[in-house]
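Only one chain is shown below, in structure tokens, and it's the form predicted alone.
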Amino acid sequence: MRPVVTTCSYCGVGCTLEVRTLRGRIVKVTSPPDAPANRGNLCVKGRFGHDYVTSPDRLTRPLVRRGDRRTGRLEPASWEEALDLVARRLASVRERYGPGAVAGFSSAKCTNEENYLFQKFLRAVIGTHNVDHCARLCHASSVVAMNLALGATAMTNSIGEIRDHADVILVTGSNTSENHPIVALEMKAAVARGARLILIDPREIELARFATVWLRQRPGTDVAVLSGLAHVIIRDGLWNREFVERFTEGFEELAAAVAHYTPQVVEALSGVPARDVEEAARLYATSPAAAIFWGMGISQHTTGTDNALALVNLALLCGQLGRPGTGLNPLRGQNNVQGAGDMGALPHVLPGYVPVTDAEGRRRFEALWGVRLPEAPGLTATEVTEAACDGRVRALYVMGENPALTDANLNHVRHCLEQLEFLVVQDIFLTETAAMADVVLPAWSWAEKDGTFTSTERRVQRVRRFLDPPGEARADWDILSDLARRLGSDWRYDSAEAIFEEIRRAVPAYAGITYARIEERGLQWPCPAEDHPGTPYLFAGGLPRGRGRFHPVGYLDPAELPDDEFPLILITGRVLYHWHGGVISRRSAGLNEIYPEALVELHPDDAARLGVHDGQMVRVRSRRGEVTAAARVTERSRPGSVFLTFHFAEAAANLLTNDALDPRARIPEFKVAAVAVEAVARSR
């Protein structure tokens, strides 16, 4: 039984898999020891969690709603009927209200080739930049901050450098052991070698056991803590004077801004002892090679961009860039969220991060695609939801996303989706969003398609087909091409590789990458020519914008704070055994058996005050909704805070979360919401 070598479909690490099948089912998944990102290691999802592809819940035929939009039923239809209906309704909305009345959500679970075609469909066929994807909900603020300060939009260094080169590892806002287990293995190996770990996190996650210093801040006080580190570094003369003078601008403004954040002020704001702020600052600044890693605990705030800018300030201040074992490393959550951004599935940039407002860049794409493009940026995903409510957006095309479960303030989101004239969803399962659609198009899963993913470390790798698709399901790129032709565009792609060849012409950083070159091993962009070896770490020759820009930031309270009615702070996040909205991991029998239900994590002090015991059902309420789930009483959470996973539709955490937005990245504040908890009589 020869394995098929492909890339994992879960998180953004990009683990190499060797998949063996028998009679149409996966029977074994392993990884070669020389795999570039994972060295042969796999997490529980990567090794055992791919049986969702043969779930009996897979969509096998197109579905069309018969009757009224709210009361009618989704019934099987032919591809001819379904695609004709989609093309006719999209064209009708465009003709009556203009191209801006149509929007689309692309998918970080789909390949680069499919994301490229999806954004091209919205831009070149429909005529709008209203295209976005789930990066809006996870690392949009990291992308904005890094682009502002550095002119870069991705993790700067490679996963393999952690174990081999990093002397200090600063982890903040990332439960790496559960969200990116393979990266956590590398961190723990580095600590075993002698590296030191600085952890900044309000929860007692596993990495706390490996940390030299653990800063346990109050949720939402990240800017204060990070500004405190910068204060100590400048006050004690620990900053890298040569690097700052040669490669940065704005140092004086930063020094003035952080002067207020003495360790004592930081302790008062965040609860972190002043001595720990001092120790962490010295560790980071005096290390020969220090790397920063962060996750959605940094980005999913109304101050998410400020949080990420504060991290960039630290790296610039200490010159911890442009060398192995250093860098700024946002850990991307989905398998191809980096690639979806690279492919231009964002409303303000074309493929390769060319601003849509750049006339010269826009003309290049107009020549490549043979169309005129709008000059103004489109709407972000969170703005599209509001525009659906007030009638500016009338039709929405969703490929592989599930906003009716994954967006903040779900009751409001679902109400907005109900106001649309037309909703089409292309997916592998009947998700909560698909169940609201007028037309549902069944797509191939990762196991049934060819193409490429780009991992969090910018590594472009092959995805290979090893199973036949179920029923009448079709490849996403094939569906998009068919729709484009029905709307008058002469799209004639015959394979994923043919699309990738167009990507190479569109995105200079991908120009040197070919399917032949990544047949055995992926390449990291930028890779501008076919004789270029790829780029394991960025900025060896300087920063893209010339000089890195310090951005002074000041502490602001979260949008919602606890009060008498809602006295606790809710934090949402992932667990080891599940992923994203649970659509695929909950259809993996083994994963679902190990972790079958949502749990509400409560500190023992809060549990005692509320009269709640471990395992008891509790109701969690916010100003936006309520959920009921079992309590887990544990000291992992700080007193005064509650943790709830977002994988379970029956206890959807996003019924509670706050949809207040970061003003620049337009990302919601998933990580801080005021809630109340009470025991309920109902048993589990």
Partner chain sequence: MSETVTLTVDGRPVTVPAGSTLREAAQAAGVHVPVLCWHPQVRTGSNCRVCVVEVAGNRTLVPSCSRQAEPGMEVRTDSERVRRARRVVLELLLSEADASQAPELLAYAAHYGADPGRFGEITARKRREPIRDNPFFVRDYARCILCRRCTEVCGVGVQHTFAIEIAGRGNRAAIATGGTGLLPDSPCVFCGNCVGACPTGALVPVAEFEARRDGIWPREPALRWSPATGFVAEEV
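All figures in this text were calculated on a predicted structure; none of them were measured in a lab. Positions refer to the first chain, counted from 1.
In what follows, reference is made to the form predicted together with its partner chain, a form of this protein that is not presented.
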Exercise for the section: Run the contact test on R39, F48 and L591 with a 4.5 Å heavy atom cut-off to its partner chain in the model of the complex and return yes or no. Expected result: yes
Exercise for the section: May I ask you to state whether K28 is within 4.5 Å of its partner chain in the model of the complex, using heavy atom distances? Expected result: yes
Problem - its partner chain contact in the model of the complex: H260, any heavy atom under 4.5 Å - result: no
Practice task
Tell me, yes or no, whether V44 is in contact with its partner chain in the model of the complex, where a contact means a heavy atom of each within 4.5 Å.
Solution key: yes
Exercise for the section: Find out whether any non-hydrogen atom of L576 is located within 4.5 angstroms of its partner chain in the model of the complex, and reply yes or no. Expected result: yes
Handout entry: Selected contact from R394, R462, H165, K188, since only one has a non-hydrogen atom within 4.5 angstroms of its partner chain in the model of the complex
Key = K188
Completion exercise
Residue within 4.5 Å of its partner chain in the model of the complex by heavy atom, from H532, R609, R88, R209, is R209
Practice task
Report the stretch among 67 to 75, 309 to 317, 188 to 196, 263 to 271 that approaches its partner chain in the model of the complex to within 4.5 Å, counting heavy atoms only.
Solution key: 188 to 196
